[in-house]
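Have a look below at one chain only, the form predicted on its own, in structure tokens format.
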């Protein structure tokens, strides 16, 4: 069996005695097939029993072993050492605790803040008495086409990988959080739920429009849930129920109106439609530079030759959605 010499550079920190975090290196001979979690366990059992990390199911189900491997959130139990060595073309792997949460010790972070925020959003079924019977003698059937709306969002294992890499979470204390908002959407489209689309108001209150669609949450999700998809759909629901008086919603509607009018993005009218006169004033310096360089187009745009086909495509896409 193939074996390689690997250096694990692990970020250590014990708040009870360390002034600041530091890195400690451990050199191991690793066989092909060994996971990061197995390497951590070997270090703890054979080299350094003081190393602290969290793990439980070892089957990518509980999400407790999420850490950063060379800067990216991963499930240690699911990630093989050789895969990471080949990906980064190195013999050194840096293991660190997840970001956006306080470090309890070494690779263990405090999840309480993330889960408290989730509880605030009420991401659990509030039965609709018109749909859900009040006795256990009857059941509510959920058909495949109904389940399909939220099925993948039920796969979240609460590993907090998305939360740790979310820049909106990092800078906005009022932001709901990626996995939290995805769970909110999951119940917003569940026919058994009593709040349904009203849940979009909760997302609105928890700054869901501050998501910048960087899609990092989708990149690092070990279950391919893609919280950003749920957040975009929750935004759509909020517009449908009339929550349009905010820059984010107006920006979306301005894009939509521009494409419906001509098939092209009207960048001249976009600031006005999204932010009003304030938007025009904010973008005035850029607008003047564009005019001077001949880059600004007329606010009156002729429709593209395939405009009718584009409109049909957009309407069909919205019906599917």
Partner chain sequence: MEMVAFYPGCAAKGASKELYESTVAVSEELGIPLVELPQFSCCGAGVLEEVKDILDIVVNARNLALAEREGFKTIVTVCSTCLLVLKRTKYHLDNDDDLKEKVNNLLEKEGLEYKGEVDVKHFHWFLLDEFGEDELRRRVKKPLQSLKVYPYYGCHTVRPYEILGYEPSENPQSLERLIRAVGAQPVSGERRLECCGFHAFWPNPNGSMILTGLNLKDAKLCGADCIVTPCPLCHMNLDANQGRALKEVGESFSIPVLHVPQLLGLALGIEPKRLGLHRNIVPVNC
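Positions refer to the first chain, counted from 1. Rigid core (definition): largest C-alpha set, two forms, superposition within 1.5 Å. Keep in mind that what you see is a predicted model, and the values were worked out from it rather than measured.
The same protein also exists as the form predicted together with its partner chain; that form is not shown, yet it is the one meant from here on.
> Please identify the residue among 119, 244, 130, 148 with any heavy atom within 4.5 Å of its partner chain in the predicted bound form.
By the 4.5 Å heavy-atom cutoff, the listed residue in contact is 148.
> Sort through 215, 112, 102, 198 and report the residue having a heavy atom within 4.5 Å of its partner chain in the predicted bound form.
Looking at 215, 112, 102, 198 one by one, just 215 meets the 4.5 Å heavy-atom criterion.
> Can you check 45-53, 58-66, 255-263, 32-40 and let me know which stretch has heavy atoms within 4.5 Å of its partner chain in the predicted bound form?
The contacting stretch is 255-263.
> Consider residue 27 of the chain shown here, and say whether it contacts its partner chain in the predicted bound form, taking contact as heavy atoms within 4.5 Å.
No, no contact at 4.5 Å.
> Would you check, heavy atoms only and a 4.5 Å threshold, whether residue 233 touches its partner chain in the predicted bound form?
Yes, residue 233 lies within 4.5 Å of its partner chain in the predicted bound form.
> I'd like to know if residue 300 sits close to its partner chain in the predicted bound form, meaning any non-hydrogen atom pair within 4.5 angstroms.
It does not: once its partner chain is placed as it appears in the predicted bound form, residue 300 has no heavy atom within 4.5 Å of it.
> Please run the contact check for residue 82 against its partner chain in the predicted bound form: heavy atoms, 4.5 angstroms, yes or no?
Heavy-atom contact with its partner chain at 4.5 Å: absent for residue 82.
> 209, 282 and 295: each with a heavy atom within 4.5 Å of its partner chain in the predicted bound form?
Yes, the whole trio is in contact, each within 4.5 Å by some heavy atom.
> Going by its partner chain in the predicted bound form, which residues of 288-316 come within 4.5 Å of it through any heavy atom?
The stretch 288-316, when checked against its partner chain in the predicted bound form, contributes 289, 290, 293, 294, 295, 296, 297, 304, 305, 306, 309, 310, 312, 313, 314, 316 at the 4.5 Å heavy-atom cut-off.
> Rigid core superposed, CA of residue 27 - does it shift 2 Å or more between the shown form and the other one?
No: residue 27 shifts by under 2 Å between the shown form and the other one.
> Would you say residue 309 moves its Cα by 2 Å or more between the shown form and the other one, aligning on the core?
Result for residue 309: yes, a 2 Å-plus shift.
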